[in-house]
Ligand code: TYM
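Take a look at this single chain, the form predicted alone, given in structure tokens.
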């Protein structure tokens, strides 16, 4: 019995952080044993913000290294650069004929980008959901792991698949659905209590997979806390709850329960909690950081991983494009 196809993309801008690890990479590692997985580095998508050409290769290689260091196995999945699969922009062109200006302008992420970069409202920003749909449909994926903020893009991918099928009288493209993990995804908040950890914002309150031990300790020790509860079993503020979430995923069960009991008994000492968390967090990040650094120093190995992934991805993509061309009528010989 063939495995279901799963596709997911990773932006090549910014440094991966703890939120990326628990929100996405951990799921990738879990999925690679049960699904036919295509994971790509979205370097074409990054061009909408005009990254410096000298940074692009370095960013792509770093993202690949950090994902592999976190447990992704290139032998089990297709791990590739978006730009290494020319069938993706070809399908993107086809799907653009089924996308309409009015619906694209209403997409919340497009409106956000217009506010953030008013001097760079390029066509790529407007048609971002179409390229995302092409990324998914090129492998005729049935499941896509996405966050809440990307679910509308996935709905649009379903719409484009349905429009193609309706226009060309086929059931060629499946309508991809949101992948739901068997466990609740851990949500990691910024250490300053303001929103999620981010690749580019609140850098001093974000734990990156590339942070060294001392940097991790300093960031944890500066994490927002308060004077502690005044009544037993008090509800935790979000920023305190986040510290306990981090402790739960990086420390021992005994440590977590000890500090939780102290909080519920109003005897918590946040300095002690943060010192314990800092050491556990440093120990958790260290092997990922060190393996990623070793990989980044071996460009030949990363190139091999990307080439191998592109070969797997193109085998699937060529079949999709051949089928789509035939349905459209673009088959002259």
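Quantities reported herein were computed from a predicted structural model and do not represent experimental measurements. We call the rigid core whatever largest set of C-alpha positions still superposes within 1.5 Å between the two forms. Positions refer to the first chain, counted from 1.
Just so it is clear, the following notes concern the form predicted in complex with the named molecule, a form of the same protein that is not shown.
**Proximity to the named molecule in the predicted complex, single hit among 231, 149, 214, 238 (heavy atom within 4.5 Å)** = Here the answer is residue option 149.
**Message:** Going by heavy atom distances of 4.5 angstroms or less, which of 158, 76, 187, 222 would be at the interface with the named molecule in the predicted complex?
**Reply:** In short, 187.
**Asked** Going by heavy atoms within 4.5 Å, which of 255-263, 130-138, 222-230, 89-97 lines up against the named molecule in the predicted complex?
**Response** Result of the contact check: 130-138.
**Request:** Give a yes/no on whether residue 320 approaches the named molecule to within 4.5 Å in the predicted complex, heavy atoms considered.
**Result:** No.
**Item:** in the predicted complex, residue 42 touching the named molecule (heavy atom, 4.5 Å)
**Value:** Flag for residue 42 set to yes.
**Request:** State yes or no: in the predicted complex, is some non-hydrogen atom of residue 196 no more than 4.5 angstroms from a non-hydrogen atom of the named molecule?
**Result:** Residue 196: yes, in contact with the named molecule in the predicted complex.
**Prompt:** Hey, in the predicted complex, does residue 316 get a heavy atom within 4.5 angstroms of the named molecule?
**Reply:** Contact with the named molecule, no.
**Message:** Between the named molecule and 64, 81 and 309, in the predicted complex, does every residue show a non-hydrogen atom at 4.5 Å or closer?
**Reply:** The answer is no; none of 64, 81 and 309 reaches the named molecule.
**Message:** Going through 12-48, which residues have a heavy atom within 4.5 Å of the named molecule in the predicted complex? Please give them in sequence order.
**Reply:** If the 4.5 Å heavy-atom criterion is applied to the named molecule in the predicted complex, 12-48 yields 17, 19, 20, 23, 24, 40, 42, 45.
**Request:** Align both forms on the core first, then report whether residue 242 has a C-alpha shift of 2 Å or more between the shown form and the other one.
**Result:** Yes, because once the rigid core is superposed, the C-alpha of residue 242 moves 2 Å or more between the shown form and the other one.
**Request:** Superpose the two forms on their rigid core, then report whether the C-alpha of residue 132 is displaced by 2 angstroms or more between the shown form and the other one.
**Result:** The answer is no; the displacement is under 2 Å.
**Request:** With both forms fitted on the core, give yes or no for whether the Cα of residue 141 moves by 2 angstroms or more between the shown form and the other one.
**Result:** Residue 141 C-alpha, core-superposed: shift of less than 2 Å.
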